[in-house]
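One chain follows as structure tokens, the form predicted alone.
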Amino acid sequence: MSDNPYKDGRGNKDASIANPKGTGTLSAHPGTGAAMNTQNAFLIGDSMTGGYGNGPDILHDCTVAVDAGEIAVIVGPNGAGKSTAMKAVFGMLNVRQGSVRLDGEDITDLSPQDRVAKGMGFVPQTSNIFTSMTVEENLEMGAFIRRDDFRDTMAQVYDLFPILKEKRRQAAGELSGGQRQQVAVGRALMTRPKVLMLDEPTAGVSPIVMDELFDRIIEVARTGIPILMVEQNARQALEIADKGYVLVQGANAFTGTGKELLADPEVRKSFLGG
């Protein structure tokens, strides 16, 4: 891939996503313009139906996917199943129908721990750092599955988040909300993930910090790491998204590139405040 895959603007020009088995093709919805195939996606939660434990289904034939070097965002109203879809992909709830595939491998039956070993980096919305540990100790914890020298990776994290290097000896619990999120993302990157999953990374931070976090997320994607992100700031997230999924009641309502969804009148009216 080129050094800057975004030089022509955000958005995937061919509007296609993946699926090695040829299933999971989404029907065209407003904002899409064409069916979005899922036969080449690097990560896909394909036609997922399921919920927590023995409770009712929250997801209903829901599909989300992301390709290498892309940012895919999941947006929608409160209670739409956005974080549930993310957790389903990460193996934190029962998928009664459908499958999850990573780099062509079916990982539907793997535990979250095994998915991390396969290359998934997951940053939950809350309780995502060790507050009593220093910043550097948090990053070291992110390398727990590695048996090689991870100092180069830590240097890369510090390059991405310079404030963390400055505060590396400080307890993570003493940092601001935005800095804590940087620690959480940095710790996930210490595993050298094949894909990075972020659940509401800008929750509770100021608009200035949100813009900074989005800039860093774009930088990560430029390295070739796919990013699947749930985000409450829908308009801002779609502006940086190659693909967007609007969920309503646990099902796909609208699917398209970020630019297509931002331009769609029905999406704007119903989900973006006009």
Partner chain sequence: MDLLNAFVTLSNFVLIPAIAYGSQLALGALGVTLIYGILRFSNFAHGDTMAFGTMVTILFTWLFQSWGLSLGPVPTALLALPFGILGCMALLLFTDRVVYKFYREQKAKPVILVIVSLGVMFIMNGLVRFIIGPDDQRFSDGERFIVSVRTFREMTGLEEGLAIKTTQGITVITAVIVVAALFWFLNRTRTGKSMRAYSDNEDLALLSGINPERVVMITWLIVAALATVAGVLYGLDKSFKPFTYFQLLLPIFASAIVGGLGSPLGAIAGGFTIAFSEVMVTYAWKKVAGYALPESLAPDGLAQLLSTDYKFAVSFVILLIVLLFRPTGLFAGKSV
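Owing to the predicted nature of the structure, the values given are computational and were not obtained by experimental measurement. Numbering follows the first chain given and starts at 1.
As for the form predicted together with its partner chain, it is not shown, yet the points below apply to it.
- Contact annotation for Pro112: at least one heavy atom lies within 4.5 Å of its partner chain in the predicted complex.
- Under a 4.5 angstroms non-hydrogen atom cutoff, its partner chain in the predicted complex lacks Ile163 among its neighbouring residues.
- Although the partner is absent here, Ile145 sits close enough that one of its heavy atoms falls within 4.5 Å of its partner chain in the predicted complex.
- Proximity of Arg180 to its partner chain in the predicted complex falls outside the 4.5 Å heavy atom cutoff.
- Screening Leu93, Val116, Leu175, Ala203 for any heavy atom within 4.5 Å of its partner chain in the predicted complex leaves a single hit, Val116.
- This chain appears without its partner; in the predicted complex, the one residue of Arg101, Lys167, Arg187, Lys87 with a heavy atom within 4.5 Å of its partner chain is Arg187.
- The stretch in contact with its partner chain in the predicted complex, judged by heavy atoms within 4.5 Å, is 122-130, chosen from 122-130, 195-203, 102-110, 74-82.
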